[in-house]
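Same chain, two forms, each on its own as C-alpha cells: structure 1, then structure 2.
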Structure 1
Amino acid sequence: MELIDLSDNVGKEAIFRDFLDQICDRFELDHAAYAGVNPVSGTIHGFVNYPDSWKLHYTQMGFDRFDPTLHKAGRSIAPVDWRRLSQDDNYHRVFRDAADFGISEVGLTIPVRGPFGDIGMLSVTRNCKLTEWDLLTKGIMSELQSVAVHIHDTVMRSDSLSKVLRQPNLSRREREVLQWIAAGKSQYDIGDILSISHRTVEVHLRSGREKLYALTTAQAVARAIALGLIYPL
C-alpha cells in the first residue's frame, strides 16, 4: 500500500493520525507517535495512535514533562533505539507504567531537524523480541527516516507563515534532473547527458523530490511543473 501524500491535506489532524496508522501497517509496527516544535509559530504538535487509555494515563501522570524519548532523542542526529535511553531514571518511570497498558519498550525515535530550528520526532514501537526488532528496523530505517521528515515538514508547513518560508528551494542541478525525468529519460541516460554518475543523478533527484514534499518522482515532476520550476513537455 502506498502512503497517502500528506502535503495536500495540511492542518487536518485526523489525516495525520491516519498517516501514523499507515506507517504501522506498512512497516509492521504496533504504534507510532509524532511530536514537533515549530518555533516560527510557537506551537507544539503531537499526534499518536496509542490506545486512548494510555494517552489519558500518560497525560495525567505528566510523563510528557520528562519522557526521555521526547526530551533526549531529539538531541541525537541518528535514530535513537530506546535501549540507549534505558540508563535514564525517567525512562523506567514511563515504561514501568507503559507495560501495564500493553505498550512495549521495544522501540525507537527518529529525530528530525528542520531549517528554522524546528525539531520533530517520530517514535515507533512493536511488541516483539529484540532479535526480531533488530532485523525489522535494519530493513526499514531509510524509509522511516523519509516518512519522519515528510510528516515533520508537512506539520511545520501547516501555518501560513511557515508555508511561505518553506517554499521549495531547488538547485539548478535538481531542476535539470527533474526536467530530464519529465522528458522521459532514465537516471542512467541523465547521467550520460549531464556527464555525472548515475548515483549523483539519484541523490539530486531524491533531494529535489523531498524539497517538493513529494513521496514519488511523479508527484515531484507534477509539482515542479505547477510551481514553474520546470517546463511541461
Structure 2
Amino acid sequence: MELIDLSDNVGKEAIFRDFLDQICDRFELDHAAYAGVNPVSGTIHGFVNYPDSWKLHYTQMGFDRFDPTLHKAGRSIAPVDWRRLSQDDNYHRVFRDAADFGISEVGLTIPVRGPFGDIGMLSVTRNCKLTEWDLLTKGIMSELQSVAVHIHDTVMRSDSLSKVLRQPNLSRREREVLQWIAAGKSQYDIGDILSISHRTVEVHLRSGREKLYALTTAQAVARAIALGLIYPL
C-alpha cells in the first residue's frame, strides 16, 4: 500500500495537527495519530503529531507495510491496547526504533469502520507506567471512541482520495439493473426488459453489490438511492 501523509496537503496541516494536539492536551497524552485505509485506492492516508524525525524514519524504513498497530489493530472491531501486540516480532521492530525518537510503546489504537468499507484508526500514546495507563484509559475510553469516529468522518469528507468511495463507479448496465430492482422487478423480468439473460442480470447485480460494499441486494439498492445513482419509484 502507498502511505499518504495528509499533513502534506496545503491548508490541512495546521487544522489536523491542531486537532491532534487538542486531543493530547485534553486527555493528557503524548502523541496521537490518525490512519485511514481506503479499500478502493489501496492507500493508507493519515496524519500525526509525532516528531518529523520519526515520521521520516518511519516512512524510510517502510514500517507502514507491517506495523501491527496499523494492520492487526485495523482488523479489530474493539480498541486494541498495544500490549496485545507485543508477541508480534514486527511490533518490536517498530518500537525498538521508536524508543530512539522518544515514542512510547504504551498506547492503544481505536478502529472505526465506515459505511463504504473504509477503515479509520486513532492511535494514542503516553510515556508512563502501565498501572497509570490503565487508570487513564479506563476514564477516557468512551470519549476517545467518539473522537475517533468524528476524526474519521471529518477526514473521509475532506480527503479527495475518498471520493470514489462516496461515488462508486457503477456501469450503465449495473445502474439499470438496480433501478429495475428498486421498481420491484425480478431478475427474470429485468432480463426480458433489457434483452439479456437472467444470468447476466445476476452478474451485473453481483458487481453492483461489490462496488457499493453491500452484503445484500436490498442494501445495494438503498445505498445507490442514497448516493443518487438510481431513484426511488
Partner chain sequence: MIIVIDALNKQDFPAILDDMFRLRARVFGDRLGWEVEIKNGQEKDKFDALDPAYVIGLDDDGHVVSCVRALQTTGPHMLSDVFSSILHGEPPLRSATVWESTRFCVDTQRLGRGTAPNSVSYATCELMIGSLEYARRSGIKDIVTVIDPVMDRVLKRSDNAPYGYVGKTTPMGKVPAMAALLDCSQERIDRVRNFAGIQGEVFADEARLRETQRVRFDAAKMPASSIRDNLFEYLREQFHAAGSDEERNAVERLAAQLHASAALTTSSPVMDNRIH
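Residue numbering: structure 1 sequence, from 1. Here, rigid core means the biggest group of C-alpha atoms that superpose within 1.5 Å across both forms. Remember, it's a predicted structure, so these values are computed and weren't measured experimentally.
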{"item": "Chain form predicted in complex with its partner chain: structure number out of two", "value": "1"}
{"item": "Core-aligned CA displacement of residue 173 at least 2 Å between structures 1 and 2", "value": "yes"}
{"item": "Rigid core superposed: residue 30 CA moves 2 Å or more between structures 1 and 2", "value": "no"}
{"item": "Threshold 2 Å Cα movement between structures 1 and 2 at residue 55, rigid core reference", "value": "no"}
{"item": "Following rigid core superposition, Cα shift of residue 214 between structures 1 and 2 in Å", "value": "26.6"}
